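Only one chain is shown below, in C-alpha cells, and it's the form predicted on its own.
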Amino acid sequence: MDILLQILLLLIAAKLFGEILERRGYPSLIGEILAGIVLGPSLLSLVAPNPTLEVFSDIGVVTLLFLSGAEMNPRAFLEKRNIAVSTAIMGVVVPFAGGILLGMLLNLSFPETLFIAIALSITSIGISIRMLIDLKQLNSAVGITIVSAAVLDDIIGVFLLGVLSAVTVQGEVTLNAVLFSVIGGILFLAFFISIGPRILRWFFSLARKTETHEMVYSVAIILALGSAFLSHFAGMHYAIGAFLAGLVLGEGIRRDRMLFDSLMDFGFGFFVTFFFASIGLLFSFSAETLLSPFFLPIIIIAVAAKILGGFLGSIPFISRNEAFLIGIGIVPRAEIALVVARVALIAGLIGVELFSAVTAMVIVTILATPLLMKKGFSVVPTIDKGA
C-alpha cells in the first residue's frame, strides 16, 4: 500500500479512536494505540511498521518530551529531586531484582536473565507524560514526581543498555563498555547543566529579533531536534535531550501563548499521534505468545515490581495513597524496552518467544496504566493538580 495512504489511514483512525475514548472518559492515547493494533499486522494488516513511520514516531517522541518540559515549572521539578531520585532508584532496583529472580526460576541463561532484568527496569517517560497530560495531572505533585523519576529511569536505562550491548559484543560485561556508556551520559548532562541553558536561551532570544514572524517557531523546533540529536549522539535516548531543552526554554515559550499553542498543535495534531499509533503496530499476539511460559510471569513481575519499587521509593516523602499512585505511574514500558529487546534479539541473546513475551508486556503495561491511573486519581482527593 502507498505510504501516503498508510499515513492517512493511521492518522484518521488514531484521531477517531482517540476522540471516542476521550468522550468515554479515558485517555486518548489508548485509542491511538488501538488504531495501530486494528490497522497493523495483528488484525487488518493495512499498515505495517516501516522506516517512514519510524521517523515520524521518533519526531513524535521528541515533540512530546520537548512540550512536556516546556509546560513544567523547573523550580517544582527541582523541589521534587529527593523523592524523584529515591523513586527512580527503587523503581529500577526492585524490577531488576525481580527480573533476575524470574530468570533463575525459569532456568534461563545469564544473557537472557540480564535481558529480562533490564527490560523490566525501564520506565517509558513518553507514555507517562502523555498519560498525565490527558489526565490533566502533569503539574500535580504526583505528576511531577512521576515525570522526574521516569527521566532518571530513562538515564539509568541507557546505562543498562550499555551493559547489554557489551554482552552482545563481548559475551560478557566489560568495564570499558560500561564506562564508555556512563561517561557519555555524564558529559551530556554536565553540558546541559552548565553551558547548555545559556546557549539555548541565546539562540531563542536571537530568533525573537528577526523579521520573519515564524522564526521563533522554527528555532524552537530546531533546538528541540538539536538537543535530541546531541543526547542520542552521547549514547542516551532522544527523549532526554528534548525534555531538558523544553525545561530550559519553557518560561519563554509559555509567555508567548500563540507560540505555545502552535507547538502543541504541531505536536499533538500529528507527530505525537504517530508515536502512539506506531506502538500499536508492534502489537502481535499469537497463540504461541499466549501459551508461552514467559507470558504471564513477565507481565506480573513487570507490573508488581514497578508498583512496589515506586511505592517504597516515595513513601518516606508522601502519603501511602500518593505513593501507590506514583508506583502505578512508572509501570509503562515502551521505546527503550523495545530497543533493548531488538538489540538482544538481533544479537542472538534471546529467541523469538522471549522477544514476543516482552513486546506483549510493553503493550499490556501501556494500555493498563492509564486506566489504573484514571481510577487512582478519582479516589485520591488530596492531590494538588497545580497549574
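Bear in mind the structure is a predicted one, so any value in this text is a computation, not a measurement. Numbering starts at 1 and runs along the sequence shown.
The next section is about a form of this same protein that is not shown, the form predicted together with a further copy of the same chain.
Can you tell me which of 268-276, 294-302, 245-253, 91-99 lies within 4.5 Å of a further copy of the same chain in the predicted complex, counting heavy atoms only? Stretch with heavy atoms near the partner: 268-276.
Name the residue from Thr212, Asn107, Ser194, Asn82 that puts a heavy atom within 4.5 Å of a further copy of the same chain in the predicted complex. For this set of options, the contacting one is Thr212.
Given that a further copy of the same chain is not shown alongside this chain, does Met258 nevertheless sit within 4.5 Å of it in the predicted complex, heavy atom to heavy atom? Taking the distances in the predicted complex, the answer for Met258 is yes, it comes within 4.5 Å of a further copy of the same chain.
In the predicted complex, is there a heavy atom of a further copy of the same chain that lies within 4.5 Å of any heavy atom of Ile59, even though the partner is absent here? Ile59 belongs to the contact set for a further copy of the same chain.
Please determine whether Phe229 contacts a further copy of the same chain in the predicted complex, using a 4.5 Å cut-off between heavy atoms. Answer yes; at least one heavy atom of Phe229 falls within 4.5 Å of a further copy of the same chain in the predicted complex.
Taking any heavy atom pair closer than or equal to 4.5 Å as contact, tell me whether Phe204 reaches a further copy of the same chain in the predicted complex. Contact check for Phe204: no, nothing within 4.5 Å of a further copy of the same chain in the predicted complex.
Can you work out whether a further copy of the same chain is within 4.5 angstroms of a heavy atom in all three of Leu4, Ile222 and Tyr238 in the predicted complex? Affirmative, all three are within 4.5 Å.
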